[in-house]
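To begin, one chain is listed below as structure tokens, in the form predicted alone.
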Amino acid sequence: MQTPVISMANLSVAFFGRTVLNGIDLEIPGNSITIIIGPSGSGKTTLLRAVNRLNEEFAGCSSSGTIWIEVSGTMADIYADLHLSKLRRVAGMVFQSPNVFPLSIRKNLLAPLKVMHSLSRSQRHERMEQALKEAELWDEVRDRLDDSALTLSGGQQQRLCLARALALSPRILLLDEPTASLDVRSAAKIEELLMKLKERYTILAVSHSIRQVKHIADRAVILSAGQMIKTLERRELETPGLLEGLVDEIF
């Protein structure tokens, strides 16, 4: 495997003393889509949130082990080497249900960019346009940027959330079931978009869809009861019946 962009060593996470993840060792290669799958309660979202320390926002959380991510060519310890605000710009997250701000489409992009004080007003607007283009949303909203983001369809709102993450120039995209709340057509558009985005970003996602895993994943990580059971590379995902057999056994 190529040099990892994310590396976890003996990662464990508990809430109020109940272990959710136990001793995870995992490396995620760059410019690829890695999808975490497993039964409900297996720790998938907790593993995803660990990368940008979002678990710590929840009461009773305790973590041990180490996570490194690649930043500017160097592996950085997310606990010791990176300020939390910097980490969450490097590792941007998109949630299962679109969480657009009840503001205009324009302000949904410009609001997070204002935290980057090094950017001028014109640079923020350039970054906004570029992010909307990367999310393949620009042509659909360029003439309605001052409309409420809530007027967008579900699929458009999800792409807006993705654009909001992209605007901060992340290295990593963390996606928690990004198509689960969408119709088939909107989900297919998001999947097609992710296949393009992996050329520039490292994507770590959670999914319940075996079809989606087989369609877009370069690698699948299978969790059960907080432990990593197996990883499958692309060639194994293309083996007829292999993934389905493991899912039937584990789930």
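From 1 onward, residues are counted along the sequence shown. Here the structure is a predicted model, which means the values were calculated and not measured.
The form predicted together with a small molecule is left out here; the points below concern that form.
Using a 4.5 Å heavy atom cutoff, none of Thr34, Glu191 and Lys230 lies near the small molecule in the model of the complex. The closest heavy atom approach of Glu177 to the small molecule in the model of the complex falls within 4.5 Å. At the 4.5 Å threshold, heavy atoms of His208 reach the small molecule in the model of the complex.
Contact between Gly41 and the small molecule in the model of the complex is found at the 4.5 Å heavy atom cutoff. Shown alone here, Gln212 lies farther than 4.5 Å from the small molecule in the model of the complex, counting heavy atoms only. Residue heavy atoms within 4.5 Å of the small molecule in the model of the complex occur in exactly one stretch of 65 to 73, 178 to 186, 45 to 53, 22 to 30, and that stretch is 45 to 53.
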